Structures are given as structure tokens and as C-alpha cells.
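Subsequent text provides C-alpha cells for two forms of one protein chain, presented individually as structure 1 and structure 2.
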Structure 1
């Protein structure tokens, strides 16, 4: 789910710069307004982004199930008390509201990743941020987008290998240690191979990037992104 899929959806036809600005604006609005109406509003925008990319919300949530499971612990931990009544509802609800702000950002990110080629992302970043900082940030984003799905696949392979060798009989902490160590070893090995591959292919800091051009369909997305980005200033 967290990788580019060729297609002809509305999201695929948008300029990556407008999609990046929309993500940026939505993230600012979600973090700056920790209220239920704003949470509902940003989630509605995120669902529209999924619809534009023709993604199923349930499928996206399944892809983020580990992240969501970790986030779901925050309200429980916030509500636990060391004395009677042992669990406080108000802190748990406040924590759930703050954690919920991350959900629309994750949904929009999934729509972007599946509808935008890595080269287009790098081109958009380097055009928005000129000079060496833009080149470094563009390369970093491109490498993260390419490698993150591979790292997740390595973690799954290590987990399956542990289970195939009877690892379920081991204590939980021992399985967690093995998973972390083996996954880190694979990640470091993959980074070494990536370094060799970049040198072998004469890695260039400023290659010829794909041309980008705004279309009429991009302007409403840009307007919404800018409005979301400046919403904290308007609300003050």
C-alpha cells in the first residue's frame, strides 16, 4: 500500500507540488486545532484524498495497523491512575483527541505515496526549495520512499522466519530482541548495497528531472492547502 501504483485517477493527474502543499496545509491544520470539529473536517479532507486516489479507507487502515495499535495505547496510558478511581475518563478522551489528529495525516500520506512517482516527488521538492538544501531534501525523501517498503518487507520476513523456527515458544522479550536485531542487520546490509549501487551508477546530485506543470485541476487543491496552512493565523 505504501508505494507508488501507476494509474489515471484524479490524484495521479495532479501536480506533485499541489499535493505536497495540500499535505502540508492539512498537517498544520490538524496539529494546530485540537478540537473535535477540526478533527472531523480534516478527516473529511483526507477521505476525499483517498477517493481521488481510489483507495479503500479500510485497506489503508490495515496498512497502518501497527502504527494505529501503538497510537491507541496513548489514551489508555493517559487515563490510568495510581489510585482510585484507577482510570480517569477525561484525560483519556483528551489524549484520544490529540492522537486522532495523526489519522488524517496518515490517510493523506497514503494517497500521495500511491499516486506520485518517486522522481516526481524529488522534482517537486527541488523546485520548491532551490539550491543544495532542496537537492539534499529531495534525495532524502526519494530514498525514504523507495526503501521504507523494503525495510517493512525485511521485518516481515524476519518475523516469519522466527515463527517457522518455533519462535512462538520463546518469551516475548526474546522474540522482540531477535526481531529488532535481525531487522537492523538487514537494514544496515541493504544500506551498504544501496551505497555501492549509487556509486556504480555514477550518482548525480542534480540529474535531469521530469518536467512539472500546473493544470486547472491543481488550483483548487492549492487553494485548499493554503487555506488550511493559514487557518491557525486566522483563528487567532
Structure 2
């Protein structure tokens, strides 16, 4: 799976806010029109993003192989007909173009993931969204990232405990119920302890925000991101 790798590429040195905007802009532009020229254009932008992150397009495609394999089924499903000629080309091509639009989105997403640590995205969210919602979502993201491995370990422990006591013999719905309820109980206990700890540490609406600063190199990226986001409006 793709995940953050420390580095000093152009993509690594950009402010996460400009990278987020570029990523969303390209995603909007890519899905706007299922036509071949449009697909070629947006893919070119996505390849630039990969180059900025020093990622090989082939390596990225390989890490998305399962997703791509499932998506590649769509044109076949679309083309199959329940009578002669059994397979119709037009709907299959239409579907292939639709699925093709996803490619630049996957590529730019890979460039973002590998060049941006989660805490940078969290800082960007906290700075881009003003006031209380920004604080809730920013701190909330940091906490979810922190707690996800602990909760996952809890759930696996619960599952193993059910197995260890012969739980496989129980009906499916009962196993699912036990797993869900025991996991939920542990999760809510953690919530109680976390809430006391946050209060003891003066959890506030108006903390010092994480440091982020735009550099000169961010402005062209921001401009292209905005241009991409509005491009579907002007090019119909």
C-alpha cells in the first residue's frame, strides 16, 4: 500500500494546502468529462505530479493493481448483452472511458500520499477551516490516527478471544454481535479515559496552530489547482 515516505522532492517541500488544492482540482477536472482528449490532458497533469514526487508511474500502477483489476471488469460487464450479439462494443467503450477518468485521480492521490505526512494534512485542515469546526476536525484527525492502531488491536484481540473459546461454532449473526458489542465497549472505555485526559490538558478552542508557511513555489501550484477545479465550467 502507498504511504508517506520521507524525502526532499519538490512535492515534499510544497505546503500541504497547495497540494490538497491541486489534488482536489485535478480530481474535479478528471471526473468532469468522460472524453478521450480530456482524459489525456488530466493524465498529463497527474504525471507531472508523480514526477514532482519522483514516483515511477509503473510502480504506482502496480500498487493499485487490485483496484485497477476490479475497475477493468466494468467495461466487460457493460458490454455483455443477454442476446445476440452477446457483446456490444459501444457501451463497453463508454464504460472504459468512464473508468479511465479514475486513473489520473489515483495517480495524483499516490503523489500526495507518499509526499505528505498525515500531520501535515491535519495542519492544513486546521488552518483552512476556520474556528471551532477546524479545531474539532484537526485535533480529531490527529487523535483518530493515534488511536486507530490501538482500537484495531482491541478488535483483533476480541476476535481471537471469541475464537479461543470455540466461537466459530456459533451462528454468524451471534459471532458478529459478540465481536461488535465487545469492541464497542472497549472503544467507549477508551473514550471516557481520553476525555478526562484532554480536559486535564486544557483542551481549548483557541490553541496555537501548527506551523505552516507558503513558499514562493506554492503559488503556481495553487494557481494551477484553482484553474483545474474551475476548468469543467469554462470548457463545456
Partner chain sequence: MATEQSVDLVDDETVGLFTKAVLLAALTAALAQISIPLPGTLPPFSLQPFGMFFAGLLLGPLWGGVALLLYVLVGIAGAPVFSNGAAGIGYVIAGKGTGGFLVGFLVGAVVAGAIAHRSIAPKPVADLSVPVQVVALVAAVAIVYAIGIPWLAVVTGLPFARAAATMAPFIPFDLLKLGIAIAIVQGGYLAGR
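Residue numbers count along the first chain shown, from 1. Computed from a predicted structure; not experimentally measured. If you superpose the two forms and keep the largest set of C-alpha atoms that fall within 1.5 Å, you have the rigid core.
Structure 1 is taken from the form predicted on its own, while structure 2 is not. The Cα shift for residue 88 between structures 1 and 2, taken after rigid core superposition, is smaller than 2 angstroms. Comparing the forms between structures 1 and 2, the C-alpha position of residue 27 differs by less than 2 angstroms, with the core used for superposition. Put the two forms on the same core and the Cα of residue 158 is off by 2 Å or more between structures 1 and 2. Comparing between structures 1 and 2 on a rigid core frame, one finds that residue 177 has its C-alpha moved by 17.6 Å.
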